[in-house]
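Before any questions on how it binds or moves, here is one chain, the form predicted alone, in structure tokens.
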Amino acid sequence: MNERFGKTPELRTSDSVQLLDTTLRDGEQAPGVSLTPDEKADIARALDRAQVDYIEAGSACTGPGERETIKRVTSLGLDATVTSFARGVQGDIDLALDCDVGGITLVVPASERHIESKVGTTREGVVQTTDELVAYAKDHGLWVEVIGEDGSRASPEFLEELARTSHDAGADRFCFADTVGHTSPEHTYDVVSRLAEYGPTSTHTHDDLGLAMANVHASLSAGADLVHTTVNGIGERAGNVALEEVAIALAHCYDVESVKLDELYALAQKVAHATGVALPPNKAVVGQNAFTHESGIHTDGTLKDDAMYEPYSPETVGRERRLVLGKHAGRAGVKAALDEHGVDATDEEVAAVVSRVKELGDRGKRVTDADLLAFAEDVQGRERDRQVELLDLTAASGGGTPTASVRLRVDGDERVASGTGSGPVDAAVKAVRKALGPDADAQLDDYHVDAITGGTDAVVTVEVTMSLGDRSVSVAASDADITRASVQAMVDALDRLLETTEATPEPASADD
């Protein structure tokens, strides 16, 4: 039970809520998003690791390419039930069957706008078609969910008739669909309450009014027990309700299980990378700032009590807490950051570093770990010898495979290496890794690019966070060339990570 509430609020559902994730179908309808078969299979595996109950792999009627992709997902042997979207025609069901799916989401028109203008039929025709198609799909061994499209703008009485017909024909459940993100929680609660009287009920919400999450909870309070989601809320227009937000809210506020929470962050990152849709920093659960603290008051409180300024621990969703430095930083945060990097400092030295951190933050700059360590070295009068330094970089990407070569100074010796990659940055990074060898196999945890001047000659700042063993460091570098800025930032990060190791990293062999 969540102690903040004294008594856990009750939903009309059981102690668990199932999720049907439609990232691979509805999520892919977001403008500019097109997933390859490999990407869909990879995301499906991640959804399965998170123990999502149903995965809508696509729409078999889209074409041969989509059907091959759905078959790819159904061949993975997932624990989840893999489904296909199907329109209200028998041919779509047959195509789904050819893909070996375990179920279908059968979409039939519910509002007058869709019945008359889109499909060109009548209410009676929709009811008869629904009855026949559900029976056909069940006869072929499929799990069947009927979705009344545009249900939030449909007559509640007609939705009830559709739900009753669907269940009588053998459907496993009926779904209330707010297809255009049109409705309010109050209307949702009223309609879903009526639909739930006929059998298992689902909900499908969009965020056009910013009410997707509110409408999910209204649905669950009204008796629904399955929610359609997409990872990161990706989807057409303003998107769908986000899987990670539904899951954590159910667990935190209601003690209701849905998925394996500690897989959520890795899943979110995978989808963001595959779709090219970056996570907003202030995004709930998975945004960069969700467990990041800068304010002196907040940092001090968090250091004293992890739960002081967080509703749940970051480890719950597979994350770690971050204390960052800026103009709001205080002594406690700076002292903790220095301790993390193994720097012993007196109270006077900490105060001096705090002053420099605030000065840099006041100029609108990010204060990276490298900045902090440089401040500490200056305040303490320490000089450090660089272990890794970038001497030269050449990169080419026009007309063929992107290539790059680097010349580094490593502990006094020069090393040269080259690499190829998917782009000039990737090629240059591989060249650096080759020059440093396996002993410097640091992990790139975060990569962020900002243009800090306008025009065609814009200077960019690249900020990276890299980790090696149990150490991590953030570094920023600026240049007019994004490749050089990226490589400089990564070399500087590796230099900081390697300064506490005793051995000089050995270069990779020619066969690596």
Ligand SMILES: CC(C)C(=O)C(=O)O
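Numbers follow the displayed sequence, beginning with 1. Since we're looking at a predicted model, the values are computed, not measured.
From this point on, the text means the form predicted in complex with this ligand, which you will not see here.
The closest non-hydrogen atom of Phe375 lies beyond 4.5 Å of this ligand in the model of the complex.
For the chain shown alone, Asp369 is not a contact residue for this ligand in the model of the complex, no non-hydrogen atom being within 4.5 angstroms. For Glu149, a non-hydrogen atom is located within 4.5 Å of this ligand in the model of the complex, even though that partner is not displayed. Heavy atoms of Ser258 never reach within 4.5 Å of this ligand in the model of the complex, leaving it off the interface. When this ligand is considered in the model of the complex, only one residue from Val107, Val192, Leu95, Val101 comes within 4.5 Å through any heavy atom, namely Val107. For the candidate set Thr230, Thr179, Ser202, Ser111, a heavy atom within 4.5 Å of this ligand in the model of the complex is found for exactly one residue, namely Thr179.
Of the candidate stretches 22-30, 62-70, 476-484, 36-44, only 22-30 contains residues with a heavy atom within 4.5 Å of this ligand in the model of the complex.
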